[in-house]
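In the block that follows, a single chain appears as structure tokens, in the form predicted on its own.
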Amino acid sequence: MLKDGRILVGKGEKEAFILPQMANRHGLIAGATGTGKTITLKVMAESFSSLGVPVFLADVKGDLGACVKAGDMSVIEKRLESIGIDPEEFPMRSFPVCFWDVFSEGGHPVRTTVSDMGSTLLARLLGLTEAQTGVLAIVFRLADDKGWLLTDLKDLRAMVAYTADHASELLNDYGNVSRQSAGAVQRALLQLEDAGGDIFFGEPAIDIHDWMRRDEDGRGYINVFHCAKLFRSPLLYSTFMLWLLAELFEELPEEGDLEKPKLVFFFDEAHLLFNGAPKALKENIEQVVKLIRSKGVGVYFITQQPSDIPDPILAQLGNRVQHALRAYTPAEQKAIRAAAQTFRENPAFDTEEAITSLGTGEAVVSFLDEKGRPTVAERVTILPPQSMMGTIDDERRRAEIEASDLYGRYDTAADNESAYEQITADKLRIEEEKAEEKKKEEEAKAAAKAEKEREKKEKEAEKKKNSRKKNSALGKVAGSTATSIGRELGRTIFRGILNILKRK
């Protein structure tokens, strides 16, 4: 609810406000299960929307989409009276909502390309070792250098195979790519695909500016990311949410200090973001949280214990709402003590004791003042939402999706030319070149064989010709000899006959 241009979150001895110009200094909503974190998130999202600030929030339980319907005063009237708010000054209203869903079931599809997600996040998603992560980084670098877009998992699988096949050629420029590591990456990709992770990747990829729209009345859209199904795989959920945050950081320009944020991002079940995350990734998240406020984005983490958030990031969260925590074990008592110590002490009550005694819908809060200083802790009752509490049915959700200006923009997946097609074409070209080369070699061999056959035949013909000449010469000599012999013999015989005749 807005009051005097400020966001009224709760009321106790004093009213607790978030100042619009301090809303991009980030925040934390913490508390045990069932203490009212979701209602607080919804109240804040509605207020930002009324202020003209678009909101993006993860709907893990599927109960935030009811913002699209006006609330029922009979349900919240007693609560308003208990905190001294006149129901006449608290109108029930609906809010502009846009539904999104990775699986295209509860909203418009949300996709990204493999190239846009990057090797660091993808390595976390695949659970790769350091060596395998190095191979994946080489694959991404090579794809960038060649100008080959990695759109979906088939592109990435083709690129990993290409890199492994050309490992010896790439060694000097990119480093060693072992077949064992490349094979491990391929197996991890297949496992991700079998788990349904391939649905993340493809085109058309989401344009983050579609999360920053306002309706005709100037109210910011509440972008409800329906992730009840996605949340069944905590690693997929946290990695994808982290990519969304990183995408905002990369795409939005520097804005400096603004009168109000350009977008507020609510990250539910935030502890999943840091579970098992390597040190380098945690440092990257810390850097994004520190710098993204200068781009006009406020990030609000929702989790059970403040200790779920690493200290360097927790220190960046200036606007805090702490719902009840229960202390059943020494570790829980220590966590409550640590949570209380993050607030400026209010002499009117003991913060640590208050945190353990809060009822549902109550909280200890501290927001930044106009100079950026945390206010002292206040114990308040959180306002009820102005929209309907509960869930909406699938029919109403589908009607809202189809009535959206964005309907049809992302609903049909496209398979444009990317690395897979280019690598396939490259293989085909190489095969054709090899076939052409082989054909030329075979033609050259055939021509050489034909030449040898011709030369052989010529030699044989020459040999026969020479043989005939020799035989002809021998025949003449023999004939001549025979003639001479015949003549001599004839003369001899003739002379003999004459001698005989003479003696007679």
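Note that residue numbering begins at 1 and tracks the sequence as displayed. Only a predicted model underlies this, so the values are computations on that prediction, with no experimental measurement involved.
Quick note: we don't show the form predicted in complex with a small molecule, though the next part is all about it.
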Problem set entry | Contact segment among 273-281, 204-212, 164-172, 382-390, judged by heavy atoms lying within 4.5 Å of the small molecule in the predicted bound form | 382-390
Problem set entry | Contact flag, residue 318 vs the small molecule in the predicted bound form, heavy atom cut 4.5 Å | no
Exercise. Is there a heavy atom of residue 69 lying 4.5 Å or less from a heavy atom of the small molecule in the predicted bound form?
Worked result: no
For this session: Consider residue 39 of the chain shown here, and say whether it contacts the small molecule in the predicted bound form, taking contact as heavy atoms within 4.5 Å.
Result: yes
For this session: Find out whether any non-hydrogen atom of residue 50 is located within 4.5 angstroms of the small molecule in the predicted bound form, and reply yes or no.
Result: no
For this session: May I ask you to choose, among 294, 287, 360, 333, the residue with a heavy atom within 4.5 Å of the small molecule in the predicted bound form?
Result: 360
Seminar exercise, completed: As a check of understanding, the residue in 344, 409, 326, 79 with any heavy atom within 4.5 Å of the small molecule in the predicted bound form should be identified as 79
